[in-house]
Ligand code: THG
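Starting off, we have a lone chain in the form predicted on its own, written out as structure tokens.
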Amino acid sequence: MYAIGERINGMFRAVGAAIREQNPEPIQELAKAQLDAGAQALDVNVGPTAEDPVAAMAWLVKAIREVTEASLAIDTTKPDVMKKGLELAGPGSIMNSTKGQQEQLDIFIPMAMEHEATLIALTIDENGVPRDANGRGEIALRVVAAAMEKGLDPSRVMIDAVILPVNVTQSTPGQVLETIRNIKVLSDPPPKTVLGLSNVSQGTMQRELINRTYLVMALAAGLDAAIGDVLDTDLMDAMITAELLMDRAVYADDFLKAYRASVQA
């Protein structure tokens, strides 16, 4: 699974303070710690409080690029902020994210092609988040069709089936798993699937347990990538073990250590 570290986000108090004070040290330490923990990419979000989000994104990406060339997921709904982040992050970046509304796809798909980026698209449209897998699948199909029409290969599209907190809507986790399975037959090659994993446990008392259990279930359903807390060792160990049991890695007694060494190589 492609693991994207979620922690460089201005919604976290320490990150927000570092952005406001333009103090790169906490950002760079988080970048290195997440990569050491097994992240293959880093989500980058300036948060909701930045006075000038374009300038804040520019500063944030530059700070990260001083310590790593790892892929960055530029996390914003604002086209000007996204464009600035992609310009500085370079080819191979991820755009997190657009909704499955035509007017947004018309903006973000050409941007993905221009900057050689992968596009994350949420299964949300003008009517919000669908209640079931069929509704999510219809939006995913529209996204894939729009990408193909504009020349963006489906393999560079990631569909996020939008997991909601289990304590708010308990039927959603199962509907999302069904959506992940269905997305695999939308096209050839199919789009990738991704989840903002931590949303499933938002507001619950057992966040870590819910996150790692659901991640293993989603992997078994075909999940390709997740944005989550890679600093949670139990979460990452569960992911690595699930990949092993699904025959995606060769067994060794020290398979946890071997995985982390292969990612850091």
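The numbering used is simple: start at 1 and walk along the sequence shown. Everything numeric here is computed off the predicted structure, so don't read it as measured data.
Although it is not shown, the form predicted in complex with the ligand is what the next lines describe.
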Problem set entry | Residue stretch of 184 to 192, 116 to 124, 99 to 107, 78 to 86 approaching the ligand in the predicted bound form, non-hydrogen atom distance within 4.5 Å | 116 to 124
Problem set entry | Partner proximity in the predicted bound form: residue 12 to the ligand, non-hydrogen atom cutoff 4.5 Å | yes
For this session: Would you check, heavy atoms only and a 4.5 Å threshold, whether residue 224 touches the ligand in the predicted bound form?
Result: no
For this session: Determine whether any heavy atom of residue 207 comes within 4.5 Å of a heavy atom of the ligand in the predicted bound form, and answer yes or no.
Result: yes
For this session: Answer with yes or no whether residue 196 is in contact with the ligand in the predicted bound form, where contact means some heavy atom within 4.5 Å.
Result: yes
For this session: Could you work out which of 202, 233, 213, 68 is the residue within 4.5 angstroms of the ligand in the predicted bound form, going by heavy atoms?
Result: 202
Problem set entry | Within 4.5 Å of the ligand in the predicted bound form: residues from 17 to 43 (heavy atom criterion) | 43
